[in-house]
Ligand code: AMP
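Taking the form predicted alone, here's one chain by itself in structure tokens.
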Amino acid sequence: MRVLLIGKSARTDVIAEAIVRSRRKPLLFSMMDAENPGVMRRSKEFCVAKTDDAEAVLAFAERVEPDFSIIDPEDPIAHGVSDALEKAGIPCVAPSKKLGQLESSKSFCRELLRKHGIEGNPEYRIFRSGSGIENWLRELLDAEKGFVVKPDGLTGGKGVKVLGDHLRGVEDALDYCEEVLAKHASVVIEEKLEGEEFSLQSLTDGVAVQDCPPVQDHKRAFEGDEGPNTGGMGSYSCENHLLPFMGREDAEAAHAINEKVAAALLKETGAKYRGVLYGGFICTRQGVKLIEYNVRFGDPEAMNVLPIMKSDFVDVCESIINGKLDETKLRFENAATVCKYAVPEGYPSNPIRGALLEVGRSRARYYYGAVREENGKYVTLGSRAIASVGIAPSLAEAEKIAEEGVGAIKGAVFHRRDIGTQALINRRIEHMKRLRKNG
């Protein structure tokens, strides 16, 4: 068994681990935009190249002759790499470019839900010019709803701006919309939703949809949910495969939306979506709403679910490719997980590059992101550096292990100590209690 992995970050490292853990003992061939110590150690062969360059990917693939491929990041999907691999006869666990619009185009996503009557959409409008934007912003304010401005395209998880967090008012929003429209074909402006966010990463062959345990990510750079948005400073999941602020009905509502979206995509395009269908959801007083879709695993959320997957990941991938996911039951350990990222000082606005890191011994698992290895030490490359993951029967113990692990990373880095702690989780629980009580 030979598997090709196209990747980018620490998320790729945990996917690589899940592949080589298989009872099938596959050989892993990996291509990434930069060296990755973890993925390199797990791979039979590792190649550095532009992963959104279909010709470069095909040249590597045709030489190593994989049985199938997995595309981790969204950019290669948006650039048609999965289409090129499929055309060359290499099955791909990733959607086509057309289906990948679910992430690469916010307007495609919202309109798909609207057209097919799928619940979860907030109030929104799509603008291709500045005309009408101010009226819509003021209409949302008059309704006491607030607003969110989203570029209609890929922005690395950092393009969304929210009233009160990043935008001070209508004038700020108009300036940002002008900036967005200079780079993107359109901008989506939605009502601001209040509640608690969670990620539901489902695997699908285009018909059957099976879920990983829900996870809560932490986008803000600093403790107490302060500071600018990041790609994600860390995340947690619970041993009962729910989250402390949500009920079984919330998880079922999110699953139903994912299932209906997979069916809508098939009806809309005639093609089956094969791969990861990752919905970013929010529990509100009006129920579960959809924030956005991603067409790949989350980073860091992949590090919460793949290490506790009891099913053979290679078998799961084959069942997705062969349209037989309904014959495979996804199984996960009843374990809690906490992931905390060590990031360079100055991240995300002005991160230190070239800082030397030393990783000591701990009980945590490490997954390597934007670092390269030099003589047993690690050099920061400017983005999230190393993820520390704690896995235990309880959330408190998992948090303790993750904190121990990230504390053993020495150098010019920082992390959020509050992720997975009872104090922060209590805030989430109380927030939802207040919303539901007032609802």
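Please read these numbers as outputs of a predicted model, since none were measured by experiment. Start at 1 and count along the sequence shown; that's the residue number.
The protein also exists as the form predicted together with ligand AMP; that form is not presented, and the subsequent description refers to it.
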item: Contact residue in the predicted bound form, chosen from K219, K260, K272, R363 - any heavy atom within 4.5 Å of ligand AMP; value: K219
item: Single option in L167, I133, L193, A335 placed near ligand AMP in the predicted bound form, where near means a heavy atom within 4.5 Å; value: L193
item: is_contact(V316, ligand AMP) in the predicted bound form, heavy atom dist at most 4.5 Å; value: no
item: Partner contact for E197 in the predicted bound form: ligand AMP, 4.5 angstroms, heavy atom; value: yes
item: is_contact(V93, ligand AMP) in the predicted bound form, heavy atom dist at most 4.5 Å; value: no
item: In the predicted bound form, H184 touching ligand AMP (heavy atom, 4.5 Å); value: no
item: Heavy atom contact within 4.5 Å of ligand AMP in the predicted bound form, the stretch among 238 to 246, 263 to 271, 147 to 155, 172 to 180; value: 147 to 155
